[in-house]
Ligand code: AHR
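Listed next as structure tokens is one chain, alone, in the form predicted on its own.
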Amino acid sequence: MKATLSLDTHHHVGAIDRRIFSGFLEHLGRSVYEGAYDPGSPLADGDGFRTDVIAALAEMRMPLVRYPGGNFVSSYDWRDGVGPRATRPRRPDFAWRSVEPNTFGTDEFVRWCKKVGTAPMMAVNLGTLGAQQAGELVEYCNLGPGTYWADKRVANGALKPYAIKTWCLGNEMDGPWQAGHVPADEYARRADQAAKFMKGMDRTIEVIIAGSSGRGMATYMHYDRTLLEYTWNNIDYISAHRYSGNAGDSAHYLAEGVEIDRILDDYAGLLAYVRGVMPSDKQVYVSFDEWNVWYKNREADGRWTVAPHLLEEIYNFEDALICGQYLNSFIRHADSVKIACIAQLVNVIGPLMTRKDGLLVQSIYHPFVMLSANTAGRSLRTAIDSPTYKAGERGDVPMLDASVSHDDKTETACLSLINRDTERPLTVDVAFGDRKIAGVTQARVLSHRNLKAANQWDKKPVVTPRPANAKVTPGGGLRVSLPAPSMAVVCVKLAKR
């Protein structure tokens, strides 16, 4: 089968914000304890941080990591996690019915971020706490010495402020499962008060209001509109969340990108509507700060233990193709999506799994690394002519899913191409209307004959990138051969104008 992808470097969506390649670390299961932080492991450094985890996460090149939750944050008091460890209380965690020892908190997280090469994206508790405690956390993190909480940070070993710039105003407050869940109008008041107080502490910060927790919620978009109309002047982003699942129909599952696009189109429309009715010259953007595949391990009851084995998903090849479609969609919607966080990073629905003496790199790690390492500049508009396939209830869906970035500083383009069809290989002919392709600088493909293939402990990885078949054609175009199914990331150098 054949498809064509037509491009022009003048026809773009907008600048790609590298923060779409961000992550999420929550106090949930073994994500922090035995994951990022494991003093009992021979692979831990002097701070107790897993060096193998740090090295693998550094390859993901994440601009931000969201912390400490998630559902966890809605009953978390950040003050429990600072100061001498010997005096930190052990607390029950409402969200995951676990015990939180508080041996890893704000200061440890900031030190860990520096080692990973990322920046903190901090969430505040607007479930059981409020604006006062949120503002005090900004004071602790961002103010210089001379006030109560800033001096506490200095006493805890950090003279210089942490200068955290991105803050989440709670989490999924539309969900009945959330500690402190309230209707939209009540949460809007809480968030607005917190945003004003936090920005009063530090005018340079940006804040994210917690939008709908998923498209399946009965209040989807209604909740978000209420929030935006009340808080518009004091917020900078609204969050969106989605976890994708496979009900056993691979054809339907592999068309997940259609649903992701629809959600982002919903938010783009809503944001334009509220901006119009305000009316306002200001723009609010989307922070898609929880996204991933999650459907196999739903165990969420920690039975009041420390670091229980919860949500430890084993990812296969087709799951990786879904993660690739999330990233493609974020790139295509560069004008509205400025932040996105894969949820999560280690052990809990993560691309990495740990045991005391080793690390397992899962299939979903690779699409993220392939794109994060090569995406830069602007998102180009993609004109696709592709054969379709039957995707169950989603109807006829294009075999080809694609995103393309163009960096005019280096005159390189990065193409992310996914063949969704499980049976038919696809040849993609790429042409730039205004440029010729001078050469291929990198071409990697992720493919496997078995959709359920997964990397396993103590065995050679079976889902890992390999060289792709990508060649410049005599006319200055590009031809890429995609196995069925597969994801290829191809980087090309454009000829001079």
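Please read all numbers here as calculations on a predicted model, not as lab measurements. Sequential numbering from 1, following the sequence displayed.
Keep in mind that the form predicted in complex with this ligand is missing from the display, and what follows is about it.
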**OP:** Determine whether any heavy atom of L28 comes within 4.5 Å of a heavy atom of this ligand in the model of the complex, and answer yes or no.
**Re:** yes
| Is W96 close enough to touch this ligand in the model of the complex, meaning at least one heavy atom pair within 4.5 Å? | yes
4.5 Å heavy atom contact, M201 to this ligand in the model of the complex
no
Practice item. Answer for E290 alone: is it within 4.5 Å of this ligand in the model of the complex, judged on heavy atom distances? Key: yes
Answer among 103-111, 247-255, 375-383, 171-179 for heavy atoms within 4.5 Å of this ligand in the model of the complex: the stretch 171-179
This ligand in the model of the complex has a heavy atom of only one listed residue within 4.5 Å, and of F317, Y326, Y389, W294 that residue is W294
As a check of understanding, the residue in S239, Q344, S403, S363 with any heavy atom within 4.5 Å of this ligand in the model of the complex should be identified as Q344
inquiry  = Taking this ligand in the model of the complex, would W167, T231 and Y285 all count as contacting it (heavy atom within 4.5 Å)?
reply    = no
Residues in 61-95 that come within 4.5 Å of this ligand in the model of the complex by at least one heavy atom, in order, are G70, N71
